[in-house]
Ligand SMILES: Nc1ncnc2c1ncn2[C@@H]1O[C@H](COP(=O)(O)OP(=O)(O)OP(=O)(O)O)[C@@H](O)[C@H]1O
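Just one chain is shown here, as structure tokens, and it is the form predicted on its own.
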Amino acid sequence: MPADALLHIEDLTKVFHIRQGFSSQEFHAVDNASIVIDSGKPEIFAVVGESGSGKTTLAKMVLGMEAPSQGNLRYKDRQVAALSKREMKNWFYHEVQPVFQDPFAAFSPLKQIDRYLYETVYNYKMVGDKKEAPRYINEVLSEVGLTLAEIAGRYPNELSGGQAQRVAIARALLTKPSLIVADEPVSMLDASLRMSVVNMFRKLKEDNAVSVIYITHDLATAFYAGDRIAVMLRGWIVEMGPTEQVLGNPLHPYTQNLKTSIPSIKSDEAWDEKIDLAVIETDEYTRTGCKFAGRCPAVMDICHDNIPPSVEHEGRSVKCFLYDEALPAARN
């Protein structure tokens, strides 16, 4: 494991079994994924792909909500799956916090929303005296553009979607985490609110030295926010590297296909549309060779029966035979 790694994911795999009559079929929701996020170098690491690509399963494993079937997932050099319930509660969730897609699902409609903030502060002993809690909560809320006076005594349904998501982010920030795992955090918001939340993540990275795993199917906000990006296809990471390189000049045919879903990859354009990508082929989970072979415009014979290697090419990792220097096609 790299000595300076905040999060080290190596060959991480999650296998699910689906019962079909008297038999069951297995599919790899995440298949040998490897990611390293450095400590001391905060970044927004975007994970994109179609629905069913494994993004949420990856997030759940990072958060300790799903146990990996195989592979290593280490946070600050500690195996997450080996942590006890006490260690998860007292240490891991102090360090790693989630932000989910639906802010209203994270709060009970029968409970005043500021009570969640007070409970987080008390449970994680973030203040020495309970009298300090309002000041501390207000200080954190100010980082997401809110005040305690605005939300005190109010129920979730009395807040807008943008306000509720900001409260959810503030709740995550109360423990002073080093890593936030944000799973589709803007998909339920309108365009203007999406950009304000994405800008908030960028500001938190700069001001609070927080790294963010930003999981989304919205390529626009991924391009705008992400320092690096991983493109997932049926559990595989097919291309990974600096966001501007990967989306600006995609190498993998699947990434190239995703790029055609957005009008242009230019940082000075306003990104207002959510790109909603549909599942095209369900058998891609169980395909013998390359999972993209059935719809790849550059498919070769070798792709049908062989799993492509992940190779380093032009400053990023790409899982494709087109860039395998051992093949004649890669040299042409």
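For every residue, the number given is its place in the sequence shown, counted from 1. As the structure is a computational prediction, the values presented were derived from the model and not from experiment.
One more form of this protein, predicted in complex with this ligand, exists but is not displayed; see below.
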Full three-residue contact with this ligand in the model of the complex, heavy atom 4.5 Å, for His94, Pro98 and Tyr124: no
Contact segment among 301-309, 287-295, 54-62, 35-43, judged by heavy atoms lying within 4.5 Å of this ligand in the model of the complex: 54-62
Residue (of Glu150, Glu184, Glu143, Asp227) lying close to this ligand in the model of the complex, criterion heavy atoms within 4.5 Å: Glu184
Contact flag, Asp31 vs this ligand in the model of the complex, heavy atom cut 4.5 Å: no
